[in-house]
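First, one chain by itself: the form predicted alone, in structure tokens.
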Amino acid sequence: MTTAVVTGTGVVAPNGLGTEEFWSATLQGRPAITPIDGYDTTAFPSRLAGQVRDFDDAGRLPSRLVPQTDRMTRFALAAADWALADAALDSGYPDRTALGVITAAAAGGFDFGQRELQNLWGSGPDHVSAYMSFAWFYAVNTGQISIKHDLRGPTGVVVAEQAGGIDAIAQARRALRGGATAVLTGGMESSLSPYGMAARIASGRLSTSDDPERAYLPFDPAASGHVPGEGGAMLVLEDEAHARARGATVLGEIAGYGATFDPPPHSVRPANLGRAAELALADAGLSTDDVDVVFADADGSVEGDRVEAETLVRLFGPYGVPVTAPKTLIGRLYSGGAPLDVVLALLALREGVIPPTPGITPGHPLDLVSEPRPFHGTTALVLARGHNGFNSALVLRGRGKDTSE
């Protein structure tokens, strides 16, 4: 059986560009939820977001790609560049059909779409960009990355909101088992334009608080929804034998995966998040006793938090395992959120410290990590749920700092 390992990461997050900057900011508990400042939000009931700052399009991308792409695709291209560089995967690798790309995106290019709709109705159809034909599409990140890096192997796109980021990584692992040598995978989002926020607000799941420190409080009795964010992460997944043969640094292993779907709303049947976790652990050949830390989905709604908290208590017992949700610093990033959690989990296992979830007073019997906590764990469980019933779970095994393990 092929063992899928992570050999490179690239991060674009509201509190850091690049993996190390993101890790440092998260350990420090540096918040990045602020009032949206790109337009007048007076008419919007939700006015906060985790916004990526100081991302220089022109400095990070070929000039021809800037007018062709939405902001989320520019993020994805930059993160892919960084992940490949981190993996030191030779751009001259001879068999390009063995290198693939599988990404997740839930919203697509909202900024680009809004601008071209304005052009259409404000100036006429002759003023709509030809690139509108693909730049808005949620599949475009996979296409642009594969073209830019000449990756001709397995490709795919997963749409399952927050859960999609985990599903894409699992699909990449499947591609490795099917014969691919390496696959770029992850998720990226940016839909904070007026058009995008109008769609988000229609879900009824966003916090309407104007206090950045109190707007997104998962597991807290004061929870009132979530704050959206933009960004995400790309990872290089590689067959371990290939990675070892070329002397790559292995950050950790994708050891297990499970996915389920919830019953319809108002069903008397229970939610299936716990079943997804159980499937992932079984896939990894592990039990709940082996899990050293959980990176929670952290929905931020009263009902969503209750379901996740009860699931964790059923699986691990009250206060039975350290739980963290550093996404409270940056907001929920939808498809981009879970890959960021995977990066944090791998770094936590490597560095021996759990990143914190600051500012939360838990209203459930959870061991919620509020300060950076040293630990000696080797296994992490990452949970993610997508709106309308998607549940996904990923088990990660750390490899420490020693690349010879």
Partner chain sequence: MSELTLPVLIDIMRECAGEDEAVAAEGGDVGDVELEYLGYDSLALMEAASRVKREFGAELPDDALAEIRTLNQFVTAVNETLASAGTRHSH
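Residue numbers count along the first chain shown, from 1. Values in this document were obtained by computation on a predicted structure and should not be read as measured data.
What comes next is about the form predicted together with the partner chain, which does not appear here.
Residue contact with the partner chain in the model of the complex: S63 places a heavy atom within 4.5 Å of it. The partner chain is not drawn, but in the model of the complex it has no heavy atom within 4.5 Å of F316. At a distance threshold of 4.5 angstroms between non-hydrogen atoms, H127 is in contact with the partner chain in the model of the complex. At least one heavy atom of F134 is located within 4.5 Å of the partner chain in the model of the complex. Shown alone, this chain has one stretch from 346-354, 39-47, 360-368, 64-72 that lies within 4.5 Å of the partner chain in the model of the complex by heavy atoms: 64-72.
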